[in-house]
Every structure is written in C-alpha cells, then in structure tokens.
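This document opens with one chain alone, in structure tokens, the form predicted on its own.
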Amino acid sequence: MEKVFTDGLSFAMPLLIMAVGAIYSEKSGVTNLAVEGFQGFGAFIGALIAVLIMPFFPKGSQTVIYIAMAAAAVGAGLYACLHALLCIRFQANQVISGVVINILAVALTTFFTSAANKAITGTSSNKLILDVSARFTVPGLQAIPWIGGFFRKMYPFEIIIMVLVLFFWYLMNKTRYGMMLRACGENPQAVDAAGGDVEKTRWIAVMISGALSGIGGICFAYSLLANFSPSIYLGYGYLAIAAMIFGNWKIGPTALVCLIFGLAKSGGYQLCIAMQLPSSYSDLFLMLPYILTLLLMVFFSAKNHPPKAAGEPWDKGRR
C-alpha cells in the first residue's frame, strides 16, 4: 500500500502543476490543448541544460535538478509564446493551434535530441540520460495511519510543486491580476471598458501555462523515466486537461482529481505485480487513469462550467 501512495503522489504532483497551468490559460479566455507540447518542450530544454552542466557538479548533485526545472519553465514559457501569438495576435482557431503546437513539439524535440547527442557524445541516440532524483521521508508525518505513505520516499520536486500550487492559487483568487484574469475569461469587453489590457493579461496567462507545464514535464522526466525521450509524450498533457475539466476549472478540486488519477495509475501497476501477471499486462493496468477519465466524463460533463469567453478571439471593437 505504501508503494501505491508514494508512486501515486509522484505522478499526481507533476500532473497537477500542468493542470494549474491549463487553468490559468483557460481562465483568461484562451483554450489550451497545447499542454502536452509545452510539457515535452520544457522537459527537453531542462534535460538538455542538465546534461550540459552535469560535468561541472558532483555526481548525483540535486542542484542540477533545480537548475533543470528553472530552465524547463523558461523554455516552455517561451515556447508558449507561439500559442499566444497564434491565438491572441492572429486570432487563429485555438483548438487547431493547440494541436499544431503539440505536433511541432514532438518533431522539434525528437530532432534536436538526436542532434544534441550527436554533438555531445557522437551518437544519434534519441534520449538525454538524467541522474536519478534523491528521495526523502518527512519525519513525524510518515507515521500517520493511512496517509503516512504520502510522506515517505518523496521527491524534492513534490514539495516545490505544492508551494507553487499554493502561490498560484493565491495569485488567481486573492490578487488584482487574478481578478482581471478571471474577468478576461468571462467578459473581456467589461475588462477593456474598465481600462484593463485583455491581450497583455492573456499573454501572461499563456506563458504561465507554458512555464508550469514545463516544470511538470521535467519532473516526469526525472521521476518516471530518468531520461528525456519522445516517450515522454504519453498523453499526460491531455490527462492534465481532463483533470482541469473535472475539477471545474478550480485548483482545489483539480488537485483532488489529479490525486485520484495518480492513485489509479500506481494502484493498477501494483495490482499487476501482486497478481504476478506478465509484464505485457502492465500496460493494460496503466490504462486505468484513462478509463477513469471516460467514466468521469459520462457522469460529470453536464455539470462543468467553463469560462464563458474561453475559445473566443478577443476583438477590441466588439461590444
């Protein structure tokens, strides 16, 4: 059971930070299906920086991971500008833009990963090998019955993500920028009439979405794969979007959905091991989060209330 909690949380936290990024974008009025591409591109930038600076640090140094997370946030935030440019400046279809951003990210990172390896190691491998992240146990909390498993063998990035989620919850719900962002997703004309800058607010929100998705991507690279490769595009971005929808575009409920997805994934894998099934069956059990997504769609989709202006291009002359 402890393994279910430990692995479930390590999967849920990167998923959550990506979902929070998607919430920011959509709350501002920009539909964001590009989370998958943001997380992959950010993971590539973070992994590339990590590979380049690893020789300058002692083996196993955790400082490299923190630098990689910062690089992933910056890289994905800048990549997100492409989605913002298409959707906000050129008023392209936001769904199509998101799909194109995802496809482009796969192509770019696959090519540049091979090119980087060719330049660094002389081989054309499509993987950037990373160090394994250290783990720690929280004294005292790990002894709590039932939930103590969440505080054992944690990755450092899980604490960082928790702090970031709290910060961005506060930014959205307790600050002037957050109020303006939410208003841009509901009634951008009212924001413009009140003297607000709708385009600037949306640009910032999309860049935040990219940065947070990049952090989630590099955390997946360190925790699940210990490398960056095209296999990081496993649908986690779309799963984060599904969590956002089931959480009704609210950070608190979305966090609960991400935790459920994480426990479903880790629980399915541990069930496969407990039943001593061949490794080929593990992929079948790893489908549990996606099956759960379909079931949740059936029961909760009618109760979802997305931002009213999400997906609608901003036209200053429209009233």
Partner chain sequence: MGEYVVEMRHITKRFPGIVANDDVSVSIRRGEVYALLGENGAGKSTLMSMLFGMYEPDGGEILIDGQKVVFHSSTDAAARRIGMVHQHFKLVGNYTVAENIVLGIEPMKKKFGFLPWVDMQEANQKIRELSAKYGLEVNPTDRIEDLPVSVCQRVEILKMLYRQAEIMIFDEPTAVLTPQEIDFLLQIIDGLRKDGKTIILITHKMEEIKRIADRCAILRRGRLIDVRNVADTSVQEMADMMVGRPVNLSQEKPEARFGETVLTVSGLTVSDEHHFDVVRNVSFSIRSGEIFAIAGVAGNGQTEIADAIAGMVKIASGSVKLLNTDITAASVRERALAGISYIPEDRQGTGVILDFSLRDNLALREYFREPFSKNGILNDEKFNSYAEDLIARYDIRSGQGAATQVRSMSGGNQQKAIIGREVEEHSKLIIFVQPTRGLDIGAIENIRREILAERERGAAILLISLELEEIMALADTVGVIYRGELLKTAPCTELTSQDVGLYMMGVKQA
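Treat the numbers as computed from the prediction; the structure is a model and nothing was measured. Positions refer to the first chain, counted from 1.
Absent from the display: the form predicted in complex with its partner chain. The rest refers to it.
- Proximity to its partner chain in the predicted complex, taken as heavy atoms within 4.5 Å, picks out 177-185 from the listed stretches 88-96, 205-213, 117-125, 177-185.
- The closest heavy atom approach of residue 195 to its partner chain in the predicted complex falls within 4.5 Å.
- Within 4.5 Å of any heavy atom of its partner chain in the predicted complex lies no heavy atom of residue 223.
- Contact check for residue 190: a heavy atom falls within 4.5 Å of its partner chain in the predicted complex.
- Interface membership of residue 111, defined by any non-hydrogen atom within 4.5 Å of its partner chain in the predicted complex, is ruled out.
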